[in-house]
Every structure is written in structure tokens, then in C-alpha cells.
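Here we start with a single chain on its own, the form predicted on its own, put down as C-alpha cells.
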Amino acid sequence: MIRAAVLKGTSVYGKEFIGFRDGWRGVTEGDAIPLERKDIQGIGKLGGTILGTSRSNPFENGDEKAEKARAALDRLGVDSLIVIGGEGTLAAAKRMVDLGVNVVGVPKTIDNDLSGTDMTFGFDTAVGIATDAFDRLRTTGDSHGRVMVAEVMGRHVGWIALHSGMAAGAHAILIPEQRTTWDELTEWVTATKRRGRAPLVVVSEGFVPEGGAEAYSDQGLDAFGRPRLGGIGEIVTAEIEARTGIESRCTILGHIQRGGTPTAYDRVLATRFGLAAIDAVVDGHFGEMVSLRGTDITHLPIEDAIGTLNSVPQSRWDEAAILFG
């Protein structure tokens, strides 16, 4: 994304670029580095966040930090800001727009939970990593006749679990959008075992089990006030073993999903977003976010992108559930 925006911005529009380190922290503190052609060579194939990231929120203590960020932009001569991130980052970007900052948003979340775009870059890579891990778990599950439970990322939506689970032939997939009961899960697991297979169960970190009121969290809150999720896989594993008597093991993929090199699809999508983002800056589409609709790159108001989550629809769940058990 950065590479494409800088290359087109400098060669076509004659723009100059700087990059802020560690997301909103860098903007607030004016911690920036120059981004010239020599600085972005070869980064298209790299994973991770080239400029770094943080959980900093410019509005976590009122508008004081946000005003400090706007002052830093003025001091550095920044006339527009391209903000790359997910729901929390773009929500802060929208509030910066309200303060008079020229902002163009770019969707970036591996959960694929932004409603303003059909796909975010990072999602395809995360699905590929999870699918590879599940293939390996099925090998050891088959060897020992165990139930293998795998927990993947997905705070509010289950796209990673759904896609990677279907790709790996999971026998049950548990996602935040579906209140699956313990009885249903038990039936899928036992049916799989009766067929002589070792059950593979994929669960999103945001899945709420039967009787639960909210997603499992025992790790406090992040800077945006959201619970740090993780650990529901262990609860599911214990429940399966208690109900079925089948030896069960849990693997939490966690941040391994964020590592490695991006897939070809993600590289192309990120590049297209970067090209569109600098076009949006030049054309004055401030307060808007570039997005993918079908195969076209377009843009829409940032507030429309963060208003509603891109949840797994019932139809997608129903087609996947046919394969369970």
C-alpha cells in the first residue's frame, strides 16, 4: 500500500511523503520519517507494518492528544493524511476529519470486518496461514485419534474461521455470529468420530458459547477500551472432552496469523488500494475510505465504513454447516 501510494504520488503527482511511526502515536508526537522512492523499494513483499503500529488512540483522554496531533501535522507541513487500519483506527480518523484534518482512509484488518469493503488486505494471508496450520493439526489428530480444537482471530466476525475451516475440511466451525449449542457441537464431534475420523473444530476468539453473555476475556482492555480476547478455545476443548470422553487438544494460533509474507492476492489488493488512496488525496475525497466492490476500487465516507460490521451472513453459515460432522 505504502509503496504504491509513494510511487504514484511522486512520479505522477509530484507529491512529497513522510511516514509516521507506530500509528497514531507517531502522529500525536510528530515522530515521522521521510518516504522517498529509495525508502520503499522492495517492501511490497514484506509482511507486518512497515512503519510500526501501536494501540494509541488520539481520543482516549478527550481531545487533548488529537489537538496535539493536528498541531504536529501543521508543524511538519502535512496537508493530508492517509490512514491505514481497521475499525478503531478509522473511527479515530473520522474524528480527526471532524477537527478539520484532511484524511483518506485505507481498510486494513485481517478480520475482514469492515462493512465498507468486500475485502481487506491481510485477510487472505491470515486465512492461508490458518489453513496450513489446520492441515498440520489434522495430521497429528489422525495419528492419535484426538479432537483438535484450533482458535483463530475474529473479535466480532468469523470470516477467518469460516474460510480457513472450510478450506481445511473442519468438522465444526464456531463463530461469533452463530450461537451454537454444546449439544450441537457434541453431535458434530461424535458423528465425526463414529466415521473413524479425528474431529477438527475451528473457533473464532469472539465466539460466545451456550449460556455465555459475552466473548471470553481475562486479559483486560486495550487502548480503545475493547476486551483483549483469547482463550475460548481452551474452554471449548474442555467441554468437548467432558461431554464425549475423547482426548482433546487446543491450539491457539494467536499472532502467528499476522506473520510471514503476504499472499499474491493481498499484495495486489494493497497495491490497488495505495494507488486509489493517492488519487483520492489529489481529487479531494477527504473524509472517505477507498474500498473494494466486486473487482472495482471505489470510495465511500469513512463513517459509512465503520457504522456496521461486515458479519458472516446466514447463507454463508448454512452452506458451511452442511459439511459439519
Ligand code: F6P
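The numbering used is simple: start at 1 and walk along the sequence shown. Please read all numbers here as calculations on a predicted model, not as lab measurements.
Absent from the display: the form predicted in complex with ligand F6P. The rest refers to it.
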### Query
Of the listed stretches (232-240, 139-147, 154-162, 245-253), which one has a non-hydrogen atom within 4.5 Å of ligand F6P in the model of the complex?
154-162
### Task
Go through 272, 293, 258, 68 and name the one with a heavy atom inside 4.5 Å of ligand F6P in the model of the complex.
258
### Message
Just to be sure I understand the contacts: of 179, 95, 226, 193, which is the one whose heavy atoms reach within 4.5 angstroms of ligand F6P in the model of the complex?
### Response
226
### Query
Is residue 109 one of the residues lying within 4.5 Å of ligand F6P in the model of the complex, judged by heavy atom distances?
yes
### Message
Heavy atom within 4.5 Å of ligand F6P in the model of the complex: which residues of 172-205 meet that condition, in order?
### Response
205
